[in-house]
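Listed next as structure tokens is one chain, alone, in the form predicted on its own.
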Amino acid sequence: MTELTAEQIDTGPRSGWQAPNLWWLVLPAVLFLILFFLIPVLSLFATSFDKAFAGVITFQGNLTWDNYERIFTRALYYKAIYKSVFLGVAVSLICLVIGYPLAYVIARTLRPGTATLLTILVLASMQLDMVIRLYGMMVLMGDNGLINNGLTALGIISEPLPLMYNDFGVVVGLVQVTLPFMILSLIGAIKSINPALEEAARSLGSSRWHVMRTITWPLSLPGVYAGTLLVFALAISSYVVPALMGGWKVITLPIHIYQQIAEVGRWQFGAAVAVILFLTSLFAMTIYILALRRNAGGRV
């Protein structure tokens, strides 16, 4: 037998070969983010330090801390920060409790037709505009809505239940809007879990609850993390839901931003409130990420 040379044995890449430069593929996305995200955020941040003048939109360069002093010296804005964070946390937890079982069923359904049908039902609500859906909920949950009229006709209640224009109505509206985002995030995470791990645990005598608690839930934490953060960000920054379902009685930071810019024309102070909303959301999400990474063992 002839002896193979080192050149014949070597099947690795040639020393002169270079990977193609693909950085230009991300250039459109980077330019889009810079133009429509980074620049507006930076301009908003700069405007928040400008002296407030009604009707003035452009940056004047009159730097001052008055806008932020007004926010941190009035209890009205502290309550709005607390209300926004409270609604975001409550909606995230409710969506997780409601969405996880449904996402698990969709991810573990063996029949493709059934899984497709359930997915279509989840996405069906997203095909209608948010305002239309919320007006439909107002017809359902109003004082003279279907729920109160039905309960009154059955003799269960004598007075209408306060289902709207309070925290409960806003939470229900936000859950209805953000639940599909939670479910879609969880479906992908649960599908990535090898069913053989659950089957092996079941064959060794573990109950379904024990398998769910020790295998399925820990391995699905990346999806829980993504879905919860997405729902929290949507809930804390929502303006339409608190305005319609809250009836201007549930005051959040987006409500203050709208009032200052659209009603009063104080763009500088509205920008300061928007910066506080951004920093509040960023701080809350950072704390959540650190806590989840600690509990998830570095998987997120």
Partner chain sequence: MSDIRLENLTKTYGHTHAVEAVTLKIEEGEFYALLGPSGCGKSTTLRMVAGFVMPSMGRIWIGGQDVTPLPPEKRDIGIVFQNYAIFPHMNVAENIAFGLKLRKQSRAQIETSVKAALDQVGLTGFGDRYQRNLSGGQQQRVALARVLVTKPRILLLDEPLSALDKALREEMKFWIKNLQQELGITTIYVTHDQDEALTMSDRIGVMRAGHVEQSGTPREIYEEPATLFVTSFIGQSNVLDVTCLEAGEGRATVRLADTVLKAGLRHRVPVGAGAKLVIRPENVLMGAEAEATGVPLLEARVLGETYQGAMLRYRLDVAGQELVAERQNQMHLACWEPGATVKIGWTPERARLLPAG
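None of the values given here were measured: they were computed from a predicted structure. Numbering follows the first chain given and starts at 1.
Below, we refer to the form predicted together with its partner chain, which is not included among the displayed structures.
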Item checked: The single option of 157, 76, 197, 93 touching its partner chain in the predicted bound form, heavy atom within 4.5 Å -> 197
Next item on the list: Only one of 201, 85, 163, 229 comes within 4.5 Å of its partner chain in the predicted bound form by heavy atoms, so just point that one out.
Entry: 201
Next item on the list: Please run the contact check for residue 222 against its partner chain in the predicted bound form: heavy atoms, 4.5 angstroms, yes or no?
Entry: no
Check: Wondering, does residue 81 line up within 4.5 Å of its partner chain in the predicted bound form on heavy atoms?
Finding: no
Next item on the list: Report whether the minimum heavy atom distance between residue 215 and its partner chain in the predicted bound form is within 4.5 Å.
Entry: yes
